[in-house]
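Listed next as structure tokens is one chain, alone, in the form predicted on its own.
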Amino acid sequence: MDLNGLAQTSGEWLRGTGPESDIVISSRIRLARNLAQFPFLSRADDAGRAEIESLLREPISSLPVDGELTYFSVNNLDALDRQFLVERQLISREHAEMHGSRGVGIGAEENVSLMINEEDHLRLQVLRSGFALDECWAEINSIDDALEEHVTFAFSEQLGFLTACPTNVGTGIRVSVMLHLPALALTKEIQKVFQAMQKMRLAVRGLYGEGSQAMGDFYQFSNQVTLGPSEQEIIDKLKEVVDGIIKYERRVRDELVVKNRQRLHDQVSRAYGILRSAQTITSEETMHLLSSVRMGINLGLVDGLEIPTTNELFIQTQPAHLQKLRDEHLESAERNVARATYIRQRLGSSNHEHN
């Protein structure tokens, strides 16, 4: 797997092929695990981190999952490559910014990512296109079982899996679904969703997880409770909640089309027009405009443009991807010009018409 080559492609989770993919971008499950014989990373020195990495690297590299896993020593990657992996959701921002020995095993389809020495000794992640939590769980559960044949995880009969952060103790599971909710955002109905999530102790975050903004009307919904309920119960609860949000978004989209079709069509057309003609554009504006266009495609207001293209553009117009695609370091203003050029090329490559 060549990181420069990856910039030209997209992982399976971006292809818009999964269930409910008009609204659900991706489903993800993460598991936090620690080796029984080592202290948590907050107490580990550099030698300890190196030992943990070398101990986990072999069983991870030989896992028969998602094609063949490619292993990267994250501490040996430059800042641009680390940022690139963050933008592709293959490592966390924390993993990119930490120090010392750490690595990641990445599957050929980018559905599987196994981070060594992030907050915990090991973070397993499975991503899937669309609303596919059961498939994520089946795969990550089998990976977890396969690893347990080679290593012993820190586990307490009373508490379950032991983790660096107390909020992950128990199952160590984080279940999340990334939704595109432009209609709820446009009508301000999203506030009701946030309030309901708070009451149900579910977290709402932006595109890049904790501390990130909800750019482009993307919202990640995930569990906060990991101790008490089983993994399946946690998954089932989130599935039920997300199902309700999907229905809510669809209903509001349909109402917008009935009540304000002309205004909505105008908004989508203007967004599409700017993207196809802008000479310079920021990442934030790109996300905002692509969000409108993506909704327009789903509502039949744009012809000749596919959802996978808009999904890819959300990622490929991020700073590290642009620099990879151009194979040069770009300052912020230069990136804005390069971004506009790249979008014009992608959207101008075929003859798109409006209804």
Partner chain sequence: MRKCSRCSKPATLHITELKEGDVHALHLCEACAQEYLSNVEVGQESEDPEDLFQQQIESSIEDLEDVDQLSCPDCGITFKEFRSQGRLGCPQCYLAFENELMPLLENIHGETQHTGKLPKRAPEASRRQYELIKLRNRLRTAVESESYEEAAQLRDEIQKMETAFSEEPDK
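Given the structure is predicted, the values throughout are model-derived calculations rather than measurements. Residue numbers count along the first chain shown, from 1.
Although it is not shown, the form predicted together with its partner chain is what the next lines describe.
Though the partner is left out of this view, Glu94 does reach within 4.5 Å of its partner chain in the model of the complex, counting heavy atoms only. Taking the partner from the other structure, its partner chain in the model of the complex has no heavy atom within 4.5 Å of any heavy atom of Arg263. At the 4.5 Å threshold, heavy atoms of Ser113 stay clear of its partner chain in the model of the complex, well away from it.
In the model of the complex, at least one heavy atom of Val169 sits within 4.5 Å of a heavy atom of its partner chain. Residues of just one listed stretch (320-328, 39-47, 299-307, 57-65) have heavy atoms within 4.5 Å of its partner chain in the model of the complex: 39-47. A heavy atom within 4.5 Å of its partner chain in the model of the complex is found for one listed residue only; from Arg201, Lys259, Lys247, His99, this is Arg201. Contact residues in stretch 309-329 (any heavy atom within 4.5 Å of its partner chain, taken in the model of the complex) are absent; none meets the cut-off.
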